[in-house]
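Structure 1 and structure 2, given next as structure tokens, are two forms of the same protein chain, each shown alone.
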Structure 1
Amino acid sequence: MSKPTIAVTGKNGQLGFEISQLENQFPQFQFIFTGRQELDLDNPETVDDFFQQNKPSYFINCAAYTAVDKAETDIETAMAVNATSVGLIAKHCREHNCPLITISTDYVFDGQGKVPYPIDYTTNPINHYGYTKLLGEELALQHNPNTIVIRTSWVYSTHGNNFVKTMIRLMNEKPTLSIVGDQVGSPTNAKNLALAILTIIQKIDSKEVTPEYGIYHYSDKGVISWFQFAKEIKAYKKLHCKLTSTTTANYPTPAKRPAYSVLDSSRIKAVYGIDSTDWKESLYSCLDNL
């Protein structure tokens, strides 16, 4: 009997790359990794073509328009990639009886909360990226009832562009840096999220759990500001740049960012037995490989 196939989009992004690094740990599955060349979320025809040529058993959508500031003006592309195409993928998945896991973001919330957001907390995105991602969630759930949406936050990896790598570069280049100290959240090592996703699929496929679809949150454990995050990177890498804390008001960006961006990850633990790792441990594991 042939192995179940897992299709993955965004193979060149942080999360897609981390999933590809785990392929050997999940030999019971066959993987199809796609990038923009094979499946372009800004071009619906390529989505249709993909499903005509492939019959995946599971679909993981890691591709997204993630340029948060650019999304404020490049509205059409962000909408096509983060919303319309996700709905189209979900439709195809339904036709193929293929569970879909699609990734969303803490930016669906407005940041005004004071305690970790449960999955049913009121959404109210304050930037266009968040709005398109929320629409993507809704379309995915609407078009394929066998959809798991995983919202995550502050993703970094040894691969791709992210805060950790930018900080190391800037701290090596500059004597001083100002970092925002009044936005708090939970940094998430993409490697942990990748393992969480494949563990869910493995548990569903082996019938170890009865699948429960819908919305989940997954972040590494802990709540810190960007400033605290930068301080920890500096200390671990023994860098000499002087860091000062600044405010969001002093660091204007085209897209607004939520002030409080902490997700309550309890459902993923309750249903799929997935516990998150402490943020410092996760950060050190990434820094050791940089």
Structure 2
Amino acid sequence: MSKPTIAVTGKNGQLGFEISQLENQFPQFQFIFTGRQELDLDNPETVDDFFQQNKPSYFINCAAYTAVDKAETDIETAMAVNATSVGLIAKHCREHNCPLITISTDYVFDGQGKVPYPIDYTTNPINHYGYTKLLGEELALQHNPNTIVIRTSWVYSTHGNNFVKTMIRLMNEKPTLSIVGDQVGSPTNAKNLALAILTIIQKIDSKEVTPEYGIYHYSDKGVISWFQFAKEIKAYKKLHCKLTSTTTANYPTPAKRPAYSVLDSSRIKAVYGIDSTDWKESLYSCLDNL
């Protein structure tokens, strides 16, 4: 009897990479990792061919256009990757009776909240990236009722471009740095998110749980600012760069950023038994592996 196949897009991104690192921990599954070359989401025919040939049992969509500022002008590409292609994948998943897990973002909210956002909190993205990700959520759920959308926040890992690696590089290069202190959220180690996703699939596949589809939130525990995050990186790596806190107003970017980005992850714990790790513990684990 052949193993169930898990197809994963975005193999070169942070999350796709971290899922590939966990492959050996889930030997009951066969994995197919795809990038642009293996699965061209701009070409609907290749998507059809992919599903016919590989017949995935589960599909994890980690592919995303994540250049938040660039998305303000490169609107078509961001829309194609974050929205249109997600709808296309969802359609094929439904046709092949394949549950879909697709990843979204805290940027679907406007940042005006004061307490962690529950899953049904009103969405109101304030930049184009957030808008395309929200549209991707809607298309996924519309085209495949067996879809789990996981919104996450402030993702980093040992792989790819992210805040943690950028801070280490800049703190080694510069004597002083100003970091925004009035945007708060929960940093999330992509390794933890990868494990959460594969645990959900394992529990569904083994019939340990009855799947409940829809929207979930997942991030590491704790609420901090980017400035506090940078300070912790500096302390743990024993770097000597002087850090000062600045305001969003003093650091204008092409895309607006939400001031408050904290997600309420209680549903994923209640339904799938997934608990998250404290942000400091997750950060130290990543820094030890860098």
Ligand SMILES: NC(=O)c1ccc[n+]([C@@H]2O[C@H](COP(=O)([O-])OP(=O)(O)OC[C@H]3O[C@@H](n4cnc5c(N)ncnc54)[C@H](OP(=O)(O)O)[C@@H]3O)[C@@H](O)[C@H]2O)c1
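Keep in mind the model is a prediction, meaning the values are calculated, not measured. Only residues modelled in both forms are compared. In this text, the rigid core denotes the largest set of C-alpha atoms whose superposition between the two forms falls within 1.5 Å. Residue indices: 1-based, along structure 1.
- Between the two isolated copies of the chain, the form predicted together with the ligand corresponds to structure 1.
- Segment displaced between structure 1 and structure 2 is 40 to 49 alone (run of at least 3 consecutive residues, each Cα moved 2 Å or more after rigid core superposition).
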